[in-house]
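Only one chain is included here, represented as structure tokens and corresponding to the form predicted alone.
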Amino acid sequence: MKHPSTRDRILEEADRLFYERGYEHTAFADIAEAVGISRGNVTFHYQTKDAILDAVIDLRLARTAALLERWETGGEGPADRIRSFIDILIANRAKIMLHGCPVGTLCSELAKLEHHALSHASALFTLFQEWLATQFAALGLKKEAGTLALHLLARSQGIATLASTFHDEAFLREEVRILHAWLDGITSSPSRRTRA
């Protein structure tokens, strides 16, 4: 098995630290310490923290695209694929309760900082939104597919935020159950297009 390069290790640790501590509260020295290299070695690969941020966002975009591709090929149909999206809240519940959603927390922080990378980071939400809209359209809900996709994204972000705020796994699980019931209602009766 190929060992990760120093550049890859810098990205992995920066990704983790930006998620756990936030972009603003992560210094070059923190990344260097996490990787076990000198600060100078970090700057050899990435001259600025913004360059690391851009590379981290690209890494997350690639991983998200790969995840969506796995769901696309592994799901039995659009409803099953949407359930995969909903269930990511359960699969990542420990991290979510500690740090929130990695996409939402990064976008929120960059928005507060009025950082130029916000539009780059928001592409993560766009990937999910467009993919979900495709799934809702495949369910026969083409007209409202975009609205339903945004609603589900918003709902999942709210669940992640409150689960993190209250460290409440029972709340998270109940909200996921409600989202499943909402989706079941849409798939069993297309005329019932109420919000969850």
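Residue positions are given as counts along the sequence shown, with the first one as 1. Since we're looking at a predicted model, the values are computed, not measured.
Just so you know, the form predicted together with a further copy of the same chain exists too; it's not on screen, but the next bit is about it.
Note on contacts: among 167, 70, 63, 143, the single residue with a heavy atom within 4.5 Å of a further copy of the same chain in the predicted bound form is 167. Contact annotation: of the candidates 132, 31, 56, 159, the single residue with a non-hydrogen atom within 4.5 angstroms of a further copy of the same chain in the predicted bound form is 159. Contact between residue 89 and a further copy of the same chain in the predicted bound form is not found at the 4.5 Å heavy atom cutoff. Remark: residue 117 does not count among the residues lining a further copy of the same chain in the predicted bound form, judged by a heavy atom distance of 4.5 Å or less.
In the predicted bound form, at least one heavy atom of residue 154 sits within 4.5 Å of a heavy atom of a further copy of the same chain. At the 4.5 Å threshold, heavy atoms of residue 147 reach a further copy of the same chain in the predicted bound form. Shown here without a further copy of the same chain, the chain has 18, 19, 20, 21, 22, 24, 25 in 17-35 lying with a heavy atom within 4.5 Å of that partner in the predicted bound form.
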